[in-house]
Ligand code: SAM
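One chain follows as structure tokens, the form predicted alone.
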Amino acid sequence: MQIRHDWTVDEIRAIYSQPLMDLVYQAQTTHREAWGNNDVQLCSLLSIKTGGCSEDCSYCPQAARYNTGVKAEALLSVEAVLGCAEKARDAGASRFCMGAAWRGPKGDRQFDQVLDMVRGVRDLGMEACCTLGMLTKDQAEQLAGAGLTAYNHNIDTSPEFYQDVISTRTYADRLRTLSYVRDSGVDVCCGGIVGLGETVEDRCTMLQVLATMESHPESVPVNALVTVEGTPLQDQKPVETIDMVRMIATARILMPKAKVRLSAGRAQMTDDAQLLCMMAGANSIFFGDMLLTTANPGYADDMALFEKAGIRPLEAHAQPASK
């Protein structure tokens, strides 16, 4: 299988825009060649520090400047987080993701707590992922030393459209953190959001940024915007299933070895729509009733869907940090 890093926007647009059945067939063929099966990784996401964020991401209910009803809360204790991680593991999660509503980690005490959380999750035999905002080089290296498996830092959209969505940081800031993560040896989890008001060109350009990285992200989350009252994007139209399928299928073709994650927005999708996304190459989902501060399908619903479709959860391969 040829893994390319030289995709042009014109090539990506041609893939994205082809007849849907042809696109899904090409994506499924690529997926089978790269993965050999249709197993799906179950990931659990916990908000370890909610609300009060100083950033102005137009889609985010955790921004302090928006009146969304989300209250700022303190960082959870290590014990509380590891208790949630153990429950997620017992329910079938192979990766436990921890999200903090920060511009970036501040203060040694809180960051040390996060490092302890990472070590504890790894000692439970799970992959550990964090999304903590922008990192310094030293912070990335400390997370790597604690055994972090992956770091999530989405680019959200194209460089051209980015400043229409976020003004408190730049695209270059995002790429700098991703570079620190990659250099530290931690896997990169990086994707974007569909439904922000972007064009097809913006979607294809965002995918080009990811697919032309020297190393493709190991995980590529594809999120459908979940509108929240009080945010600037509260009146955006719902994302159509076909748009999600096209994004997932195109990502699968461009980055065959990446886990393509069907992320935010699943609660607004039918079972059939979710299965079509998986047919198009999605092999990772977040499960659990909440996705940070927005609703997500319940565990029982997901397991029932998997049972009906004959989908198996991907087994964990993480080793404890102490070994």
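In this text, residue numbers run from 1 along the sequence as written. Please read all numbers here as calculations on a predicted model, not as lab measurements.
The same protein has a further form, the form predicted in complex with the named molecule, not shown here; the description that follows concerns it.
A.B. asks: Check each of 216, 122, 246, 169 and return the one that places a heavy atom within 4.5 angstroms of the named molecule in the model of the complex.
C.D. replies: For this set of options, the contacting one is 169.
A.B. asks: Taking the named molecule in the model of the complex as the reference, which of 114, 251, 193, 93 has a non-hydrogen atom within 4.5 Å?
C.D. replies: In short, 193.
A.B. asks: Picking from 178-186, 201-209, 74-82, 147-155, which part of the chain touches the named molecule in the model of the complex when contact means heavy atoms within 4.5 Å?
C.D. replies: Within 4.5 Å of the partner lies stretch 147-155.
A.B. asks: So in the model of the complex, are 41, 44 and 306 all sitting within 4.5 Å of the named molecule, heavy atoms only?
C.D. replies: The answer is no; none of 41, 44 and 306 reaches the named molecule.
A.B. asks: Considering non-hydrogen atoms and a 4.5 Å limit, does the named molecule approach residue 27 in the model of the complex?
C.D. replies: No, residue 27 is distant from the partner.
A.B. asks: Should residue 264 be classed as touching the named molecule in the model of the complex when contacts are defined as heavy atoms within 4.5 Å?
C.D. replies: Taking the distances in the model of the complex, the answer for residue 264 is yes, it comes within 4.5 Å of the named molecule.
A.B. asks: So in the model of the complex, does any heavy atom of residue 101 sit within 4.5 Å of the named molecule?
C.D. replies: Result yes; residue 101 sits at the interface with the named molecule in the model of the complex.
A.B. asks: Answer for residue 139 alone: is it within 4.5 Å of the named molecule in the model of the complex, judged on heavy atom distances?
C.D. replies: Result no; residue 139 lies far from the named molecule in the model of the complex.
A.B. asks: For the stretch 60-82, which residues lie within 4.5 Å of the named molecule in the model of the complex by non-hydrogen atom distance?
C.D. replies: Heavy-atom contacts to the named molecule in the model of the complex: 60, 61, 62.
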